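Listed next as structure tokens is one chain, alone, in the form predicted alone.
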């Protein structure tokens, strides 16, 4: 059975997705995470076009394999490069294993399924991954995407061990909650990623490429300002809120420094700041639950 820690290490920053990173510090961050009990690391070939996987592989070299779980992805290979065909998926899986220096993945994720044909993913991509599982290359199979409807539809027509949803259980958007009972009834585990809304709820604000509409960016900026005025760290408040999500197996947080790892692990024990949570949500106002378009068929 798939058992995940409450807090997982999101490795997109290791690929430079949110800005330049120091690889040596990233490796130290992975080692510190292991020391503090973080055992789940999520990466993808899309993150830095292989750089994230390579850095993670360097960090895990020499670490006993039973000490960690690694998840990577198939299907998304570049900014606008999607290919869910079985041969490409198998080749991509093998390339990921080589970059990571591993002989198997624990979790494999069909990446951003809203950019593919769900029927084809169910008929071709997932069976190819099932064969890879039978060959010992992967252990558990799941899917990721932004639109919750895409994950629901795929889960209705294909066997999944887990789904990876992002930016839908945050202080600004809790729409994932409505789907949790259905997944629980089918023993499909739910991983919540981007609990800070891909930077929306951080003091630094989102990166320039962030796809959120301007109104949502501004509303989250107001929420961040409210937290600061109250003497609170908005990112800590937002993470504390997300870590309390009911029915979520693990919350993935992007990290690349030792300080980030230590702060995020500390949040597992720190009481939530309920008053600041409420004030931030009030500041977001009518933008609560709003998202942005993603995919080619929705």
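In this text the structure is predicted, and so the values were computed from the model without any measurement. Positions refer to the first chain, counted from 1.
Keep in mind that the form predicted in complex with a small molecule is not shown, yet the notes after this line are about it.
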(message) Each of 147, 241 and 290 within 4.5 Å of the small molecule in the predicted complex, by any heavy atom, yes or no?
(response) no
(request) Using a 4.5 Å heavy atom cut-off, state whether residue 39 contacts the small molecule in the predicted complex. (result) no
(message) Is it the case that residue 29, even though its partner is missing from this view, gets within 4.5 Å of the small molecule in the predicted complex, heavy atoms only?
(response) no
(request) Answer yes if any heavy atom of residue 254 is within 4.5 Å of a heavy atom of the small molecule in the predicted complex; otherwise answer no. (result) yes
(message) So, residue 197 and the small molecule: in the predicted complex, are they within 4.5 Å at any heavy atom pair?
(response) yes
(message) To verify the annotation, which of these, 176, 155, 90, 193, has a non-hydrogen atom within 4.5 Å of the small molecule in the predicted complex?
(response) 193
(request) Considering the small molecule in the predicted complex, find the one stretch among 202 to 210, 78 to 86, 179 to 187, 93 to 101 with heavy atoms no farther than 4.5 Å from it. (result) 202 to 210
